[in-house]
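Given next, in structure tokens, is a single chain: the form predicted alone.
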């Protein structure tokens, strides 16, 4: 037998040619001149069909989409469409009110938890004679009569961390006549007599957990009361966007909002006694304690009058939120102290429309 040598390249090329199949054009059918698929019409004209937009059934829910990115995209589109519809309805109602003029019906007041609040029997009437008598004889009367000036000692728990230390330093710039000292392992019962002997009117203790401030003990000296708060949502000055320059040494104005019950009235006077009674309006600085649903929001701003109607404000910081846990008679005493009020969450928070402050 005779053997003929075939080059490897030619052999591989021959195999590739055998394996290759003729490519089918898009729209051509496999049987030849039969019905054409997808892109050609029955008349033979090759016309591309426009892709139809996907329409969902009326009972379709976005949560049925299994792809997370696609589900998020569809949800954002749904929110945009709903926002556009609300804006169109609002503009329509506004045009109708402008057309009617004085004959327009009064605006509807939306239902909120605040305006559906359950009436509290301890709500304070500022014009009540009994309330005025209590204000003249309570622990803060000497301060409001101008007999004493506030002097605050700010301290921390043992071995404070960076954020707690900076928080105390910034509180000292907000509260006039405030001084920051560190505990160094001393008990509060030993610190309180030293504060009284040095004419301090307040002892403020900032506690921390996991290097973040989480508690505040505010003790009025020398006779109390003592309030314990939970601290949350602490933001220092460097964490606030578009903040103003650091506050000056001027005495700020104090605003107390929505402290209506007897307990809230006491807490409001407790905060008011931290600041001097003669604010220096040249500094244009305001410290605000706003109570909403028993959460006390603290903000510190600087304002400027742009004209007769417009006022510009600029937040200086820090900002934080307080939640009252307990109110104790006298100075701090964790073992034998007498408590006026203690938060019982499961009992007091059962009704969402009933507030304590």
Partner chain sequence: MEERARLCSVWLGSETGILKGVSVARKQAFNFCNSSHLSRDQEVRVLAWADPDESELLLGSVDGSVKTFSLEKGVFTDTRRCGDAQDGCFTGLGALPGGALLTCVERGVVRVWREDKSEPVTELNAGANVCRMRQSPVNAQRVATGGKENGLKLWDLERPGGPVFTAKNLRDDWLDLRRPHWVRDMAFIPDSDKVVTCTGHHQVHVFDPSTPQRRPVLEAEFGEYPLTALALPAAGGAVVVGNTHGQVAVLDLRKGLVRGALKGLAGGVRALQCHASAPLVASCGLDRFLRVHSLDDRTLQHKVYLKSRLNCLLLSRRPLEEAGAGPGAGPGEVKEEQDEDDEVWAAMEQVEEEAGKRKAEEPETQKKTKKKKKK
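Predicted model only: the values in this text are computed from it and were never measured. Residue numbers count along the first chain shown, from 1.
Not on display, but discussed next: the form predicted in complex with the partner chain.
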(message) Can you work out which of 128, 239, 249, 278 has a heavy atom no more than 4.5 Å from the partner chain in the model of the complex?
(response) 128
(request) Name the stretch: of 270-278, 134-142, 80-88, 209-217, exactly one has residues whose heavy atoms fall within 4.5 Å of the partner chain in the model of the complex. (result) 134-142
(message) Since only the chain is shown here, I'm wondering whether residue 349 would be in contact with the partner chain in the model of the complex (any heavy atom pair within 4.5 Å).
(response) no
(request) Indicate whether the partner chain has at least one heavy atom within 4.5 Å of a heavy atom of residue 122 in the model of the complex. (result) yes
(message) I'd like to check something about residue 262: if you look in the model of the complex, is any of its heavy atoms closer than or equal to 4.5 Å to a heavy atom of the partner chain?
(response) yes
(message) Is it the case that residue 329, even though its partner is missing from this view, gets within 4.5 Å of the partner chain in the model of the complex, heavy atoms only?
(response) yes
(message) For the stretch 336-357, I need every residue with any heavy atom inside 4.5 Å of the partner chain in the model of the complex, listed N to C.
(response) 336, 337, 338, 339, 340, 341, 342, 344, 347, 348
